[in-house]
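In the form predicted alone, a lone chain appears below as structure tokens.
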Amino acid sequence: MNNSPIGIFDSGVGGLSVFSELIKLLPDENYIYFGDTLNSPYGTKSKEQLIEFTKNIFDFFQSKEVKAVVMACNTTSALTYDVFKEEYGFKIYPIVQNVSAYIADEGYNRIGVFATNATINAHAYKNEIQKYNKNIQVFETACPEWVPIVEKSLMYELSSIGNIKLYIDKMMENNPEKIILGCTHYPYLMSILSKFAPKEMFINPAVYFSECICNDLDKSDLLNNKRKYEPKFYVSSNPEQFKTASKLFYNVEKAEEISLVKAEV
């Protein structure tokens, strides 16, 4: 199993924020990334739809004989992880659950969360964080426009900047110590977010999540012990748009040996 691939998925390019951190820590692993661009954004979908999408993606990764799947999608982590956590023979790493355990132990009292409608409506971060410390106040705000802004590379449009400022101003009324960017697309907006609040206030879950994955693979003796592989990228639609939108976190065109394959799931 050591040299089998690690699968990573998200509804689009957002999960590359996790991949870019993970490959820094584990550069010799064999990675397969899947962006379900056909069904993006996930944050507006029903739980039933998300379960169907997740099952199809897990089946896809199973066909690739992966040793682990990284749920680099807060929405599916929040709503579908419990459905599938015992259904497959590979390890499954959900971002919300792993990151919440870390944040709850950091000594914060007031935490803000920006996420998709589905993640916020499920109170995913609030419930998970308060499992460990019920005294932490968690302020949740859904930002449904932000995923399309990132996927379509519209972050520097005046209307997008105005939209982002509106949510920041609303969140700052709660006097949060930290704000979790609870969707893997949102770190793409850091250059805009940091214009309206201190950059150090924002938590990019990808950093902590990658450390958790690295530590667990090491503890489980599942690290690659053979050689470095080139990552493979799959999308369910619009490969050219995926290439363009990906460049902020990982340029999938930067090496000829990296293949971007259109795959229907």
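Heads up: residue numbers just count along the shown sequence, starting at 1. No experiment lies behind these values; they were computed from the predicted model shown.
In what follows, reference is made to the form predicted in complex with D-glutamic acid, a form of this protein that is not presented.
Among heavy atoms of P205, none comes within 4.5 Å of D-glutamic acid in the model of the complex.
In the model of the complex, D-glutamic acid lies within 4.5 Å of some heavy atom of V147. The shortest heavy atom separation between F53 and D-glutamic acid in the model of the complex exceeds 4.5 Å.
Heavy atoms of P41 reach within 4.5 Å of D-glutamic acid in the model of the complex, making it an interface residue. In summary, the region of this chain contacting D-glutamic acid in the model of the complex, judged by heavy atoms within 4.5 Å and restricted to 130-138, 105-113, 154-162, 68-76, corresponds to 68-76.
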